[in-house]
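A single chain comes next, written as structure tokens; it is the form predicted on its own.
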């Protein structure tokens, strides 16, 4: 069997990346690891995030993965440099798409919704310093959103009120782009659009990550040439019902399994 692409996240949010990957690379096997028991990574220390990222990486390597996507902005920001130096396997990371938002902005103001772990990381600070010199940047920590998504409360009043409190003040700065800096948050796009209106464009990273994954696989001659139906396994160390609900519209064959890791 062809070696799989490995993907890990602090929970179920990285499935927003997984969906783009299986769409663009329909012949690839995948293994997805949802570390929901430890979500959200964004509120943990850099040391904790690194240890969890190492644990996830070593599990995916033990399953024979040929490439690993760190489908978590916080884990990318805090751990990917170490992972690349330590393991002899290609890694694809996730960063908030600040550069395209800045280049496309007409009002000179953008919003960024991310976790504390991403917003306070060295990588994020370096990226924002590089691209946002002449632009107003409104950074907002989405504290509390990930636990509600993990609990399956995407359409709850509690989540909507929290999201509204985070986003409405951005409109006072006349933002015209909102950068989504957490892979859980694309699942909130319908509510975000309702709050911010049609004049604010939402920028996510999923398609860009899938394209980069394909480019790296082709460059390293690791792209699958199999003609048989691929195998997709999704593992979670918490309640699997929420994960199953989140991906129920996916038409490929997949299995969701509870795993204590």
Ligand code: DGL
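The structure presented is a predicted model; accordingly, all values stated were derived computationally and were not measured. Residue numbers count along the first chain shown, from 1.
We do not show the form predicted in complex with ligand DGL, though everything after this point is about it.
Picking from 176-184, 151-159, 99-107, 119-127 the stretch near ligand DGL in the predicted complex, with a 4.5 Å limit on heavy atoms, gives 176-184. When you look in the predicted complex, the only residue of 167, 146, 188, 112 with a non-hydrogen atom within 4.5 Å of ligand DGL is 146. Using a 4.5 angstroms threshold between heavy atoms, residue 235 stays clear of ligand DGL in the predicted complex. Residue 206 falls outside the set of residues with a heavy atom inside 4.5 Å of ligand DGL in the predicted complex.
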